[in-house]
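Starting off, we have a lone chain in the form predicted on its own, written out as structure tokens.
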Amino acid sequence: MSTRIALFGGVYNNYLALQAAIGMADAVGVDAKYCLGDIGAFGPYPNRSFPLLTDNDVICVQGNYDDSVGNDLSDCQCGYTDARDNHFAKISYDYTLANTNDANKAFLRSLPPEIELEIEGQRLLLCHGSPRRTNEFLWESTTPLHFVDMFLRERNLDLIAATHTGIKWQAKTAIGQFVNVGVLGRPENDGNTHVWFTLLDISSKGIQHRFCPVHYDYQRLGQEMEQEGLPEEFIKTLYSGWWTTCLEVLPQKERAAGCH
């Protein structure tokens, strides 16, 4: 026996990529679909993502953006420290907050901050940033294996799945695994226009992950962002595959990997 689940990271209002990822997950056959939070941010038309999630039975975790928008907070709680990053984060947040309807805000308020599962005898935790903080950035280069083991031991887990950083990665220890599932909302700062989600194949023998590239109509999304008056910097990221904002949060190794 085995169970396959699909894990979607930050949607960031990219309803076109979300739609494509749901189609891919259904095509390969999954037993369940999960979104690990941050439904809003970055892209256009916030309300378009919600029916895709609910109509396709995608179970959602509450990310920092979801908590903020759902509760009409003053900022996105994104965790940035750089002034320029915060400037663009505010533009994105204010747009999403103003364009999310009350019913969808209520949906965001209702979401759990984490989901714990037991599948085929394996214990999984689905969270947004980390098991201890919703907006914690866990990067591959700065997260040692003993730190992963600490989280796994504390909750008696075999796998932790998270998102938040925008860059997928995976670590395996003697105890279990940590998987950053990537995001659907924007490309990964590598010069490619596609985005990512993750499949987990779970059996009594263990858990296997697969990172899946998602190709979607990014040019259409960029045109809609332009029509909505979103920053040119965001649109450049879609078209080029290189980040133009939120760079200051990157550790040195991840920043170097994205240099062009």
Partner chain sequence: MNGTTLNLSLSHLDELWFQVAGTRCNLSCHHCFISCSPHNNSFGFLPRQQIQDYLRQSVPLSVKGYYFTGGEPFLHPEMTDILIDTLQYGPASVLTNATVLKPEWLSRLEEAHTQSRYSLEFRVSIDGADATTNDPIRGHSTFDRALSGVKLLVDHGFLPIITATRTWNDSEDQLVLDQFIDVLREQGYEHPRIKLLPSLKLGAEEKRSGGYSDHQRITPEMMVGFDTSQLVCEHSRIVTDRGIHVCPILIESSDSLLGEDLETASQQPFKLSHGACFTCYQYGAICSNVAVSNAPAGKAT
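Numbering follows the first chain given and starts at 1. Computed from a predicted structure; not experimentally measured.
There is another form of the same protein, the form predicted in complex with its partner chain; it is not shown, and what comes next is about it.
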Is residue 155 close to its partner chain in the predicted bound form, meaning a heavy atom pair under 4.5 Å apart or at it?
no
Even though the partner isn't displayed, in the predicted bound form is residue 140 close enough to its partner chain, meaning a heavy atom within 4.5 Å?
yes
Look up in the predicted bound form whether residue 144 has a non-hydrogen atom within 4.5 angstroms of its partner chain, and give yes or no.
yes
Is there a heavy atom of residue 75 no more than 4.5 Å from a heavy atom of its partner chain in the predicted bound form?
yes
Contact stretch among 7 to 15, 21 to 29, 232 to 240, 245 to 253 - heavy atom within 4.5 Å of its partner chain in the predicted bound form:
245 to 253
Of 97, 115, 111, 119, the one that lies within 4.5 Å of its partner chain in the predicted bound form (heavy atoms):
97
Within 4.5 Å of its partner chain in the predicted bound form: all of 168, 199 and 216, by heavy atom?
no
